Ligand code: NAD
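Just one chain is shown here, as structure tokens, and it is the form predicted on its own.
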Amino acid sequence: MSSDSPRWDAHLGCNYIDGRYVQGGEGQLAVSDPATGQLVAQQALASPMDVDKAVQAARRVVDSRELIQLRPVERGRRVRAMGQFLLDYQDSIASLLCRESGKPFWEALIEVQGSARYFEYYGNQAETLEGVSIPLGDGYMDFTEHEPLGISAQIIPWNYPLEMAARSLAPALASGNVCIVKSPELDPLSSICFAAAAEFAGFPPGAVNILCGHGHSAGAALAGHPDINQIVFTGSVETGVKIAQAAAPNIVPCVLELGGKSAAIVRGDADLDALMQNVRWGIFFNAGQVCSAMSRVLVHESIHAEFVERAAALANSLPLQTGVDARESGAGMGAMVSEGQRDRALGLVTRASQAGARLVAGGSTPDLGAFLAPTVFDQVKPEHELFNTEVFGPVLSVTPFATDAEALHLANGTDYGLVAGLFTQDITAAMNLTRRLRAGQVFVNEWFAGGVETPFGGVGKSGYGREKGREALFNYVQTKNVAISLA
């Protein structure tokens, strides 16, 4: 970018509808730094009328076929350009993200770079959506095409406001759809970078719309709008159910990623040194506010005591940190996104102690900011609330087991099924357990193994549909069959 380029954040706090930066019909929302309580900026709130304007603008682009008629390579170039824009401004975007979300700068920077990676990957995939020829004999020619659905409505969570938006924006645009993104109320400010990126990349007005509004107002209006063609949502089970119900009367397909209570099975032959690195990233990254966090560790009784000792030492070694000066990767752990979320997690911690689980590290909060110290509980039993309920915070629960069969029963013993993990040197045991774990993705000897290229999604109350990987592209298209008689 040249030094005289317009600032990407020149319209901070605005909504972006039909290529214009606008205010909203429901006033403004104060966005504060959860680590300090200081005001960051005011965010304009969209009303249902604003949502309808965004849908009308998006429909105009769909009807014009402006994106569909492009060669896929050209759409791909535009998608990749959006990712390059994020990289060009990564420091300033990360600085804003860390102030509004409570992440230390190094975590925010990882999120911005991860967001750019989605645009790179799906930009490169744009040319790969090929149909097939179906043989019906000499009298016919029959083939299939993949057509974009049209308007993709994307309701984004607050734990990764940029990366989760990029995860759906990139494949939707690459396959020829237009998008309406509803950013989260808790940290909506940095999402305006996607508006600037879309303009930079050459997408027409109305192809990308970014708005923020309350879930019960703008979110409900978007989910129930009769003229959208798809909903992508990441969040709680309760909200996911409401969105699916709102979409059902209009027969609008949904992709729902609804969280988890994911278990790592640690067999007696596991490499504990490597395992502790996975615990650090699996439950204490982003202050544990990760849907696929390593929230439960099921550890073989032969190494149980040593694991608990090491986990407690790890938790106690992580200082609380935040802000733009926190630049050393892995040095500490940031704040939670709000005091309300912190207090919910603290309530689960308190009740876990009362229920008989043994607190071995953390469980405390400082006087200032939405922080919860890295926390570890031992002897968490299946009947405990902590065993079954997603904390969405830096709280690790440990449960011993005696046999692989018991570990499998414990791992599959919740309503969720997003991810699971297994740590062992025995490849035969690993494959046997992997096939029996009830989860959409299983990590073996490395939590969060894989990347943008690997499909992600859950079973049970963790939702349905797959994001990431080539599988995600098929969320955004429908197959049309063309049958031609040659007689």
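Numbering starts at 1 and follows the sequence shown. All values reported here derive from a predicted model rather than from experimental measurement.
Another form, the form predicted in complex with this ligand, is not on view; read the next lines as being about it.
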Whether Pro374, Pro394 and Leu422 all lie within 4.5 angstroms of this ligand in the predicted complex by heavy atom: no
Contact stretch among 268-276, 102-110, 133-141, 232-240 - heavy atom within 4.5 Å of this ligand in the predicted complex: 232-240
Partner-contacting position among Trp158, Tyr89, Phe401, Phe307 - heavy atom within 4.5 Å of this ligand in the predicted complex: Trp158
Of Leu418, Leu433, Ala44, Val31, the one that lies within 4.5 Å of this ligand in the predicted complex (heavy atoms): Leu418
Any non-hydrogen atom of Met164 within 4.5 angstroms of this ligand in the predicted complex: yes
Interface membership of Gly260, this ligand in the predicted complex, 4.5 Å heavy atom rule: yes
Partner proximity in the predicted complex: Trp447 to this ligand, non-hydrogen atom cutoff 4.5 Å: no
In the predicted complex, Ala220 touching this ligand (heavy atom, 4.5 Å): yes
Heavy atom contacts to this ligand in the predicted complex at 4.5 Å, residues of 447-484 in sequence order: Phe456
